[in-house]
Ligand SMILES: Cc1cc2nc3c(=O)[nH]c(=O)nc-3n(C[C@H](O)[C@H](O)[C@H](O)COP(=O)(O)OP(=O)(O)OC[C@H]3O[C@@H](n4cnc5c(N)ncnc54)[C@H](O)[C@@H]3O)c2cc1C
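Presented as structure tokens, the chain that follows is alone, the form predicted alone.
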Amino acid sequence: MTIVSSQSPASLWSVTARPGPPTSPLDGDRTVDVAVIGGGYAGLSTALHVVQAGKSVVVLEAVDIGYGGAGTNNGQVIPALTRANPEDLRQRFGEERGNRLARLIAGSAAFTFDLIRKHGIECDAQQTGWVQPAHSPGRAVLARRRYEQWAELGADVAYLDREQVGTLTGAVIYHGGLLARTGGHVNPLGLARGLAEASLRAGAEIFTKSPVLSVAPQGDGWRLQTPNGAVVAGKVVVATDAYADALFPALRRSIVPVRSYQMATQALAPEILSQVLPLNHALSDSHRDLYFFHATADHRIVTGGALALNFQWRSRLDRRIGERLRRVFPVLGDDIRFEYQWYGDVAITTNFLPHFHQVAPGIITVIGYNGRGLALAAAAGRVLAQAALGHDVNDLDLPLTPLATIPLQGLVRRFSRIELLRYRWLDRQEVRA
């Protein structure tokens, strides 16, 4: 079962994405090789790869395809983690396993765009590159080190000096940065719906409005009970990420769900948009309180931010993010307004790494994409499919990690909002240094 949090207002994606394939709630019983809980990128990618390998699969989604993070994120396709670089992964997992994970991450954007092209998914896909500019001179030094590590691994990246960042993005506040040429942006809800359509064409079954109420052993596998039917499967993949609930309590307590707000401006005049991200890159920078922007097919800028407190979020975000846009892109002037505002939850882990867990024999999950869940979740779906198909879980590109709960997770979740204030203070100190 998936947590159904307070419903977000309608997003730009829900208005512009191609309609998803028709689905219905599960009615009756099914017996399959693999059952997938969750209809986001990881779950749908898992289903697609399982059925392409000749095995039967059912996806059970509590609400609709793309509900939650898959349909409410910013749409940036990023082949990097929020914090860790290849050297960090090697130190944690060893040379061979660390490099395998780093290559999975470095290739995740190309993997996602290849999946889109292969299955003809209509989601305004733009593989125009992703830029991570540095907001301070010190961060520019770190960006060069980051570039060197990813380049050594074979990633298609470049280091940009201050002038190059300005030329590529039209932004005026940055001191250098990293360019990942395989990145870009999509309509994220359109991608989720397209993956569902591709999975159905390949032979998967997808049932929406079918929350899993219980998972219990049955024979050599598991029985997943929904309100109007059940699925018996040899293997179970849990792909709920930030929307994990009490179905697997330890899983829910292993992450901190954080709300992320997204916003879209009015359609901009061509002469203005030609000076803001003129080559159509996606941009998310080095601030801890992240700045992120990209243009859409209908000539808007999609951006957003985080809030320490959620009260009066619309007016506060209008003011804060409006000021941010004008500071980064002065050409926008004072005429910017936001026609869409929405939100979704992001799963954060204590080490800011994705975690691959075996919840019980035959039940596996990847959780905690830490704001990089578009490209990485799609790529993780292939790994989850391999595990569900019988590959040794200790010999996959995602290292298997023990499932550990966060002590006092409820308090940590509350105080995570206050941590945002510390992030903003640190960001200001870096700029002044």
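Numbers for residues come from their place in the sequence shown, where the first is 1. Bear in mind the structure is a predicted one, so any value in this text is a computation, not a measurement.
Another form, the form predicted in complex with the ligand, is not on view; read the next lines as being about it.
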| item | value |
| --- | --- |
| Partner-proximal stretch of 135-143, 272-280, 73-81, 333-341 relative to the ligand in the model of the complex, 4.5 angstroms, heavy atom | 73-81 |
| Contact flag, residue 239 vs the ligand in the model of the complex, heavy atom cut 4.5 Å | yes |
| Partner contact for residue 51 in the model of the complex: the ligand, 4.5 angstroms, heavy atom | no |
| Partner contact for residue 243 in the model of the complex: the ligand, 4.5 angstroms, heavy atom | yes |
| The ligand contact in the model of the complex: residue 187, any heavy atom under 4.5 Å | no |
| Partner-contacting position among 104, 247, 325, 173 - heavy atom within 4.5 Å of the ligand in the model of the complex | 247 |
| Site test, 38, 212 and 260 vs the ligand in the model of the complex, non-hydrogen atom cutoff 4.5 Å | yes |
| Members of 48-85 lying within 4.5 angstroms of the ligand, judged by heavy atom, in the model of the complex | 60, 61, 62, 63, 64, 67, 68, 69, 70, 72, 73, 74, 75, 76, 78 |
